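Next up is one chain by itself, shown in structure tokens, the form predicted alone.
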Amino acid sequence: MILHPWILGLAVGHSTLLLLFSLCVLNAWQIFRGWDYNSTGENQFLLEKKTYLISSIINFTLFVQILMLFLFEITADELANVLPGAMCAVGTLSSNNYGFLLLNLKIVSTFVYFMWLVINYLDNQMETYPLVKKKYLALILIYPLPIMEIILFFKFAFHLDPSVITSCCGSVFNESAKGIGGSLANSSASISLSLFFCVAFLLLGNRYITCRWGRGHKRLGALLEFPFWILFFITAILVTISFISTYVYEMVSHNCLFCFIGSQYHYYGVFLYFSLFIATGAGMTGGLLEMITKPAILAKKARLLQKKMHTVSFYGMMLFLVTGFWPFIVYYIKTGRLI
């Protein structure tokens, strides 16, 4: 399976991105150790020139790394055509022990990369680059993520066996199935909906109150958004399995997270997940920006960028709600009943 065109493409992509990432990390370490903006020496001049180049390369690298999440899903879906028993990406990912592990790592990495890109964008707005040492230290600390990704990818690729019958999404997300998939499918829609809307109202309520508090309380409210958005993402996935998928497929027994991404369902999942990822990424980044308090001019720019992130996360949440619950509304209007 390693010679499959999609696998080869991802292998080349991951390897190239890791090489670029490694070169950036080496230079980031040099900048982190030697950076002194107040210095007028030749070394500082060379570091300032180097940071322009490194910043551009890492922006490209991390942006493509984010896109690799979606390319990986497309690859998993394509491989389902050659793996016996697989009906969609779920069958491919569940064919060995590394598929879903790699997917989860890519999701976490996507949010981490997005936050770093926003912080880098903010730092580049200042002539003095006040965050340069912190952002490059953060870049060094997240370097293990692409390393783990490429290791898990090759383990996943080498353990794909087209002679072994894998599980389809119907058996993975089945109430009687063992494992996380069965537990999620067996979860009560009423409970998952209650949790989801509780978290959503907490987010909106926290933001409303935060806007009217004093500075000290406002910072606490903004910092709370980071964990709240993580909970929002988790509960949104739970609701998608237990409730949204039921009305998309119009079947109680079909709770797949991937089938509705394809053309058969008019790429419904693309819009659903795009809104969810944008809302969550922007929301968490808004909370992270609250930690930037010095210098004053940078903090002012951080607050302006934070407002933009809050706006993006709010409209992303609204888009997810409309997209997610539209099939339910249509079904109810057509039939006058619930599934």
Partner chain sequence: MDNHVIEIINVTKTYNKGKPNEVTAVKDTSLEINEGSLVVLKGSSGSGKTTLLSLIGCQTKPTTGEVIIQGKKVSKLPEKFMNLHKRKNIGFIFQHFQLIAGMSVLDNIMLPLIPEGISSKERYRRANQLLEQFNLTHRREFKTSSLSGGEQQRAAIARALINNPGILLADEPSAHLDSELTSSLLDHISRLKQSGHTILITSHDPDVYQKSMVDHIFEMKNGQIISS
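Everything quoted here is computed from the prediction, not taken from an experiment. Positions refer to the first chain, counted from 1.
Unshown form predicted together with the partner chain; subsequent notes refer to it.
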TODO: Taking 4.5 Å between heavy atoms as the contact cutoff, choose which of T293, S56, S39, T311 touches the partner chain in the model of the complex.
DONE: S39
TODO: Taking 4.5 Å between heavy atoms as the contact cutoff, choose which of S167, N124, N206, N96 touches the partner chain in the model of the complex.
DONE: N124
TODO: Kindly confirm or deny that F45, E48 and Y129 each have some heavy atom within 4.5 angstroms of the partner chain in the model of the complex.
DONE: yes
TODO: Pick the stretch from 266-274, 61-69, 31-39, 280-288 whose residues have a heavy atom within 4.5 Å of the partner chain in the model of the complex.
DONE: 31-39
